[in-house]
Every structure is written in structure tokens, then in C-alpha cells.
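So this first bit is one chain, no partners, the form predicted on its own, shown in C-alpha cells.
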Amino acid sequence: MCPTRAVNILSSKCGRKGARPGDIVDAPVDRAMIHDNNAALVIENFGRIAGASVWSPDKAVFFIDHHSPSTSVKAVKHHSLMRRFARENGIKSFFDCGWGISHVVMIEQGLAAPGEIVVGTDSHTTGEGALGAFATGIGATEMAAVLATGRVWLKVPETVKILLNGVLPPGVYARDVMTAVLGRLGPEGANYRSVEFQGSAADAMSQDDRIVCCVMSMEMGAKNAMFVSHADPDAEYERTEEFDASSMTPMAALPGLPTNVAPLSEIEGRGIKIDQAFIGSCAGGLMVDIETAAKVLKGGRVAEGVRLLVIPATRHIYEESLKRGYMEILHGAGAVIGSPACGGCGGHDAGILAEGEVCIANSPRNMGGRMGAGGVVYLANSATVAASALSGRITGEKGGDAL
């Protein structure tokens, strides 16, 4: 039997020919990403390492994306600390307020490449696997050690193959595919596994679609995720989960967990009123999401009593949306458009819900308190979020005007 792509990458990078799942390897890091939600703790722990210096300033990347622009004294102190640390240590890749979300900017800027090992202080670093990197999240203390040594200990993971065949029907999106996958595998169905997406439907997915799938793989416990178009036919997988994309329908996740899923058709008839709709995050603020929302909202107006918050994932996506006229459509429909950042995804600074308020979002998570204590969050694709903003209730896409 032959190794899977993840095992191949780790074996090659570590000089461990014949490495097997379960082995512990001392892996060289190609890129280390630190964002403002954890940077202060990383820097604090780095300072405790006697005589430490940043192993390779060109390979460390800093982002201000979770609290951007800063809206609290605590956040601005962390930002100031990050800027000073970067200057003092020669770190040039510093993406300040307004650049956007780390995972998507990393891909836009070519800071995650096929076959590389990428670590980040965020669980959704799995998103960088969309380009074929072995990308995974690590803790702040571990990241401090990476900054000092350029290496990280990893257990070689078993691999789960997600086989996606067929052609997605109109009105069904990559987000629906992943919601279906999460529903079957559950919150621990890929725990510390490498996830490989294969099959004709996977091959047909755009880069944005692949980012969505790799980001959301974290919600079933994946160590990393990637798309593999030409896998070795003798590759050794722990198991294969096969899905028929042609039979899929729009899906949604009910409050509590992203894996608590149901077909949208079962939810629409419940008349669930919403207070807020959110389009944004590393899984929902991509170009495809802005375009889809503009298509649904064109010529319409957000329902009275509903707040529609739209936050592009990156500055580049914002600029391109402006050029294409999408922002004009969204603004005309009554959307509140925010600066590129994580925004309402974690309920840090924007889009926080009051107790009992209901939000439908295309962001990754909907655990209790995710957007504010007592808030209730449903997850769905971007078309459903936009359509729900128009109707004031959770409802699916009914078709939109051509853009």
C-alpha cells in the first residue's frame, strides 16, 4: 500500500521515508501564521525562551483580523505589541487592519503552497489546505516554540477520503456539500485525521469552494484537509465516505453545532423569524459569497427589523466586489458593509446578538454564545442567508436577477 498525500508531505519534509500514521515526526515549518486573538500570548511565551530569536523572519506572518479595526483598549494594546514585536524581529509580512482574514489572505498572497507545512494560531488554518498544503492549527505556547526553532512535533495522521461524485444541482453550493458531510461524520468523525477530497464533484470545485470545504473540515475534528485530484490508486485510507453530489439539496445547521444539520426544506416551513443575517468569515466572505448574495438581493430590500451584515473576507475581495457593482447592490438592499475582517463570526466586535435574538449566517460555527450570550445562530449557504434577510424568516433562494 502507498501513503496518502498528508503522509507523503510529512515523510518528505522530515526525511522520514516510510513514516506511517501514528508516528511522531519533527517537522520543519514553511510558514507560521499568528493573528491578533492569540499573538499576545505567543509573544509572552516566546519571551520566556532564553536567548530566543525568530528562526526565520521571512516565514513568520502576522495578521490583525479578529479585532479589526480595534474597538477596545485591550485589543489596541495587543495590536501595538504585535507591531513592535514585528519591527524588532524583522518580520515583514505584517497584515494590519483592513487586509482581511488570515486564511484567505494567505492563499491570495501565495503564503501557502502545495506540499508545504503551514501552522497557524487558529483552528481554521485547515483552510490553507485548499491549495494542497499540510495546514493545521496549533496553540500559542507551541507557536512560541515554532518561532524560536522553526519546527513542530506532529503525529502522522490517518486519512479519511471524502469522495464527491456527480454534479451539483442548481441552487446547491459547496457549503451545502460540507454541511451534508458534517452531518454524516459528526463533530469527531475526522478527529486528528487528514481529510482528502476527491471525485468528479471535488475536481469541479473552484478555489473558493475548496477553501470552504477545508475550513469547515475543522468542524468534524480534522487535523488538516486538502483536495487531491490525482491520488495514488494504492493509497492507504482509514476509510472512505462517498457522497452523490447530484442528489444533494440546500442544507442548514441548527443551533448548537455545525454538525446538527437538516435539509433546508425541513426548516423553511417552521416560520423562524430572524433578527440578523450575517455574510462573512473565512467560510462565507469569499468572492462567490458576495456575488451570490448580490444576485439574490438585487432589486430587493432587507425586511424591516432585520440587520444584514456583510463583511468581505479580504481587501482584494472588497475591491473586486466594488468593481463588479456588487457592493452597490448590497448597499441598496440595506446591508451594513464592514471592513474586511473576521467580524461577526466570533462575536468579538461586530454583529453581537442580544439574548434571544436569532441570526442566520454562513460563518463556520454556531455553538451557544458564539455571537453573544443568549444569541441563537443557524448556518446555511450564502443564498439562503440573503433570501432570509429579504423575507425576515429562514427561507431558501427563490431565484435572483441576473447580475
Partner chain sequence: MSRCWKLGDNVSTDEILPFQYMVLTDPSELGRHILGSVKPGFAEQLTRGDVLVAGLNFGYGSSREHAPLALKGAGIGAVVARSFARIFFRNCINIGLPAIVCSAAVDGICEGDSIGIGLQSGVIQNETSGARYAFAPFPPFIMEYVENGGLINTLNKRNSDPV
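Residue numbers count along the first chain shown, from 1. Remember, predicted model here, so these are calculated numbers, not experimental data.
Below, we turn to the form predicted together with its partner chain, even though it does not appear here.
Residue Gly137 is the only one of Gly137, Gly199, Gly132, Gly183 with a heavy atom lying within 4.5 Å of its partner chain in the model of the complex. Ile352 is the sole member of Ala27, Val358, Ile352, Ile337 with a non-hydrogen atom within 4.5 Å of its partner chain in the model of the complex. Although the partner is absent here, Asn37 is a contact residue: one of its heavy atoms lies within 4.5 angstroms of its partner chain in the model of the complex.
Using a 4.5 angstroms threshold between heavy atoms, Thr121 counts as touching its partner chain in the model of the complex. Interface residue remark: Glu188 is counted as part of the site for its partner chain in the model of the complex, having a heavy atom within 4.5 Å. At least one heavy atom of Met371 is located within 4.5 Å of its partner chain in the model of the complex. Stretch 211-219 is the answer when you ask which of 298-306, 211-219, 319-327, 108-116 has residues with heavy atoms within 4.5 Å of its partner chain in the model of the complex. Taken together, the three residues Ala75, Gly347 and Met367 all come within 4.5 Å of its partner chain in the model of the complex, as judged by their closest heavy atom. Using a 4.5 Å cut-off on any heavy atom, the residues of 30-52 that reach its partner chain in the model of the complex are, in sequence order, Asn37, Asn38, Ala40, Leu41, Glu44, Asn45, Arg48, Ile49, Ala50.
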